[in-house]
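In the form predicted on its own, a lone chain appears below as structure tokens.
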Amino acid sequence: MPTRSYTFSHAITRAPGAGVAQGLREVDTGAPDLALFQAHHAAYVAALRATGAEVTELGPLDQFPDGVFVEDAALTLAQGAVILRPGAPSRLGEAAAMAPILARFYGEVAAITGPGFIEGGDILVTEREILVGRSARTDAAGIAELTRRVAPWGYTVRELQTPPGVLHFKTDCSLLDEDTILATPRLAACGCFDGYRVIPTPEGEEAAANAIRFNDVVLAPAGFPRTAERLAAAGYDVREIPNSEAARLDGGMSCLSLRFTPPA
């Protein structure tokens, strides 16, 4: 039986728009180069397609510069989708725009209505549970509402705490297989992955923790050779994707797509 947490037939992406330089960021490291961002995004989409996935490429949302980071707007599961409620008020329109797109693939699209908020970057789906980290963008009320929304689909939600100074829970971790998680030492040290095998990122390569297991490959950000070597030594087929411009806006591999298999 296919694993529901990383075996997918579809993905949704959104191209970076001309206003992407106005996107939110925790630390200003300079504006992203749009042409370079577009080239990196094209390589990302090509890597998804190379796995056999059907990729829906959406056009830019010019009024929402962070719209390229589609993962924050929704949670796509095997049984249904949930439109999320971003913690940054300027991003609420991104979630609303994603609802009709997901309705093409899902018979059931639920929504987080508030007053809590929750972003996809704080949600890690494993084979056994959904881990959600509280952060500046995800609060306890948002997690509680998500728990209620996914319970009928057979999912258990476990609330955790994102480390101080880290934007999203998945900034510091990603799923590699049913039992294995790639994580920064600072996140793994909190004990949130007890019962899983953890592959730690090497010192100085913490930014490599956000990767994607998509079917038989791991899509990882380029520029972190020791992490790539560590993953390859553990038996994973690693494909490195340039990510320098998305990283200027706190974006990683998972942020740039929604990954799912539509219900039969």
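Given the structure is predicted, the values throughout are model-derived calculations rather than measurements. In this text, residue numbers run from 1 along the sequence as written.
One more form of this protein should be noted, the form predicted in complex with a small molecule, which is absent from this view; the next part is about it.
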>> Can you tell me if Arg91 lies within 4.5 angstroms of the small molecule in the model of the complex, counting non-hydrogen atoms only?
In response: yes
>> Residue-level question: is Asp250 within 4.5 Å of the small molecule in the model of the complex, judged on heavy atoms?
In response: yes
> Closest heavy atom of Arg137 to the small molecule in the model of the complex, within 4.5 Å or not?
Replying inline: yes
> Is Gly121 close to the small molecule in the model of the complex, meaning a heavy atom pair under 4.5 Å apart or at it?
Replying inline: yes
>> Within 4.5 Å, heavy atoms only, one stretch in 229-237, 33-41, 198-206, 66-74 touches the small molecule in the model of the complex. Which?
In response: 66-74
> Just one of Val125, Leu167, Ala95, Ile101 has a heavy atom within 4.5 Å of the small molecule in the model of the complex. Which one?
Replying inline: Leu167
